[in-house]
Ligand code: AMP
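Consider the single chain below, provided in structure tokens and representing the form predicted on its own.
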């Protein structure tokens, strides 16, 4: 049976729920502080699914601490507790760590109401499906190299799934590729594009028709960031890539933090055009992306966007903007992505539209 067929129906998952007393829940990691903080601002109770030795630091941030912790020994055990969690009226908010810890396939089958369309995980976590989606939307992507033996320029090799850049590497020849690749993991090879990296944080609502309207619903741009990646972002301090590779040091792309950024205003029409095309294509392919998503881009020196990836959920790059960004402040003061998620759930709750935004 295909994974798609195992996804539980939202009508079934919401049966027995007190829809007037919903609780926002997520794993205590990634972007949970702003998810809990945003839910609190919109009047929701919150629940943090955590491991006991990793939650003490929440005491340091009382406005980002969940109202209740639900402790597990291992995040992969969460499916064992769905009945207990359903009794608490939880709505799950997915983020990168949640999907990575539980596994995309297990998350798809999780019998708890989840914000967004969980079918998107299959398209996000498979690099080939992701390319079909983004190129089908008319976005310009870095060239893909199917056969490693055809590497004739600098390329970046990426493993499938949300891994925070872990394991990604650069190669210029097949010989370099062969030394570094882990053949046991599915991967994609893309040309390495020179330019500046901008991570664009959108929010798509299928139920609210205000602002930048699409055929159905509306699209918002909430913020942007760049990522601090080790060791690639520090190489210039100690030498060129080629010099370091000669002594066996290879650049890595593990994300350790996020840097706020604002782009030149003349590029914003293209930013919205890309977001709109991605949403419209998602509706055609799998019923639509819902809520936050991030287009990961490089802008070349001739001001053209290359989109190299999509994250179809809240990303950690929104964390610098818990009190709002230069973009979200022009929509509503103090609007984080976490708060925007809570607002969408609150609106759907009020207008009996929960089945339109949950899965």
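Numbering follows the first chain given and starts at 1. The structure displayed is predicted, hence computed values, not measured ones.
There is another form of the same protein, the form predicted together with the ligand; it is not shown, and what comes next is about it.
- If you check the ligand in the predicted complex, you find no heavy atom from any of 202, 276 and 313 within 4.5 Å.
- This chain is drawn without the ligand; in the predicted complex, the residue among 168, 107, 133, 75 with a heavy atom within 4.5 Å of it is 168.
- A single residue from the set 125, 190, 97, 117 has any heavy atom within 4.5 angstroms of the ligand in the predicted complex; that residue is 190.
- Residue 281 falls outside the set of residues with a heavy atom inside 4.5 Å of the ligand in the predicted complex.
- Heavy atoms of residue 156 reach within 4.5 Å of the ligand in the predicted complex, making it an interface residue.
- A residue is said to contact a partner when one of its heavy atoms sits within 4.5 Å of a partner heavy atom; residue 198 fails this definition for the ligand in the predicted complex, lying far away.
- Taking the partner from elsewhere, residue 229 is found to have a heavy atom lying within 4.5 Å of the ligand in the predicted complex.
- With the partner omitted here, the stretch from 80-88, 266-274, 281-289, 221-229 that lies within 4.5 Å of the ligand by heavy atoms in the predicted complex is 221-229.
- In the predicted complex, the ligand lies within 4.5 angstroms of at least one heavy atom of each of the following residues of 302-316: 308, 309, in sequence order.
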